[in-house]
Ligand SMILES: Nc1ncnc2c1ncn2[C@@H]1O[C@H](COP(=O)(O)OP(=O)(O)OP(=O)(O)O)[C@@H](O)[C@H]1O
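The form predicted alone is given below as one chain in structure tokens.
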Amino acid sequence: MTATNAPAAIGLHGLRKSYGATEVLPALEAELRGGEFTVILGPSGCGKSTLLNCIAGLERLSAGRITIAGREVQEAEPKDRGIAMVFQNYALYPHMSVAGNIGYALKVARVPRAEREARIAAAARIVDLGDYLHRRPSELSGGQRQRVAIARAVVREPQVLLYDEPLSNLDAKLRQDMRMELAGLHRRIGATSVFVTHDQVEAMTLADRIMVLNRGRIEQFATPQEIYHAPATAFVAGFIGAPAMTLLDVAGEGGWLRLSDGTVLARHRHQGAALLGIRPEQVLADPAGVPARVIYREDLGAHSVLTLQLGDGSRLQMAAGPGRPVAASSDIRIALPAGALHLFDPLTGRAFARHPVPSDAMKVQDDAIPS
């Protein structure tokens, strides 16, 4: 089974949504490429579900346009947009069988019975429910019910599949299994997929590209690797990662980055105030480095996460391997490799251009730290 038509690109052109005087989505501009799996990611209340509902036609725009496959749809009814939607709540009819739930929209659309049954069977095979077509929803597990909801969307053979946090009601193991199933489903049917979540693991593992929203604005729209390794803003840096990137207030002068108490952290060409970002796994233990105190240790099995306090009272996190036992309340020294540093404007939050330093300046050495 494949989508009836070619995958459709989705264009957002000055899209705005307000509720009274409250602006939720301020003039969004973006293109969601046809055939891609786009994840809309952000914290609760950032506007991601509102955006999905606008694309689906469940919310009317306050201004702007939406195009699907080049056709303006902001005034079209949901049924006329070539989309199908999977909700967080399965919303299955309890008195109907799995087959009845999957094929209900086809029945309403008066699709001939033979074709309807063939499409139901094909959709059920895609989500591995071929042996469950005669069961009722009450006889299924949570994961199986969610697969029925997905099959109900797939059976319509849409150009666009919309998912509104469909895995939120599942336990951790089922969520992992369903992520793999959704990735396989996307490869098989090829429809444009748009998936809303606040879970960055879902975003990083499923997405071709991630749209990170913050208060209705697009902070960054890029591949998972770009989002993780080259965050465009301090918000993205502090939101993505488990644990997230540490952000420290620093000042650059004379080729060095310093904390507020004058402690030198790393060598860098930046001049003036900045937010310095570094990921915990890139902080290194170095006997000739910056002094820090371990104030908390979180043991995660394969590695530990240490919360460190620096001389000015600021904190950063460091990932430590299983072979490096470090107790809380102990003193260590660390180095921040220049190639791992990210600098952001403290006023706008936007990333500064990165200026690598020579390889011989990758560590802070005691005898190299200026007084």
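When you see a residue number, it is the position in the sequence shown, counting from 1. Every value quoted in this text rests on a predicted model; they were computed, and no experiment measured them.
This next part talks about the form predicted in complex with this ligand, which is not shown.
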At 4.5 Å by heavy atoms, is each residue in Tyr19, Ser44 and Lys48 next to this ligand in the model of the complex? yes
Flag Val24 as yes or no: does it have a non-hydrogen atom within 4.5 angstroms of any non-hydrogen atom of this ligand in the model of the complex? yes
Using a 4.5 angstroms cut-off on non-hydrogen atoms, would Glu202 count as touching this ligand in the model of the complex? no
Please tell me whether any heavy atom belonging to Glu157 falls inside 4.5 Å of a heavy atom of this ligand, as the geometry stands in the model of the complex. no
Taking 4.5 angstroms as the cut-off for heavy atoms, does Glu165 touch this ligand in the model of the complex? yes
Answer key, this ligand contact in the model of the complex at 4.5 Å (heavy atoms) among His198, Arg71, Arg293, Arg217: the residue is His198
Mind telling me which stretch in 36-44, 341-349, 63-71, 309-317 gets its heavy atoms within 4.5 Å of this ligand in the model of the complex? 36-44
